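In structure tokens, the next block holds one chain alone, the form predicted on its own.
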């Protein structure tokens, strides 16, 4: 296939579009095919084996359609499925995302860092290893934001319900934190709400790092698209309706 194939990107729903925006900005000559599994969202409320099975089905389909690489644009799916999928497809570049705890701690050594994420992401070993690595250099406070993904999926990003839920989970930390790690790819879409609740804190997400890692891997494997390739983005969803695809396009136009 070489450099001619597309890059498959997937998430449980609209959240991975925040990563997709970084990918397309970093690699404008690549073709990206984004799949949102909105019919099975949110992944953060599912057990790890369920997420692995859903992720495996998506990767198999994207490979059948001509993907040259896969980006798992979902923290939960990365934690639950990336290692197994890499074992199953050793020749396929599979790039995942993880909570951007390292840059947050390096920016605020000995500071207090909140990690907002789904319950599943925070429960799995991948996050525990990440936390153990950096907890000696800062106070790391994990917060499982159950229900936040569901509200973001509706598309009303400044709704009173979103504000109330963010206030419920992190409001008590107002004025006492240095940085916030957005450990779910949905959460960059509600950055303003988080700042409204916590104040003007530094926010960290993994989109840019994922994009740079993808460039590095594609270059190393000779899979980078030609400089004159037009690139582009297409969307599909397990909730295959015109309204859902229009929502994906709307999210792609939002600032994340």
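Residue numbers count along the first chain shown, from 1. Quick caveat, the model's predicted, so the values are computed rather than measured.
Although not depicted, the form predicted together with ligand DGL is the subject of the following passage.
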Taking any heavy atom pair closer than or equal to 4.5 Å as contact, tell me whether residue 149 reaches ligand DGL in the predicted bound form. yes
Applying a 4.5 Å heavy atom distance criterion, does residue 184 contact ligand DGL in the predicted bound form? yes
Residue 36 near ligand DGL in the predicted bound form, any heavy atom under 4.5 Å? no
Answer yes if any heavy atom of residue 206 is within 4.5 Å of a heavy atom of ligand DGL in the predicted bound form; otherwise answer no. no
In the predicted bound form, segment of 167-175, 117-125, 85-93, 132-140 with a heavy atom within 4.5 Å of ligand DGL: 117-125
For 64-83: residues with a non-hydrogen atom within 4.5 angstroms of ligand DGL in the predicted bound form? 74, 75, 76
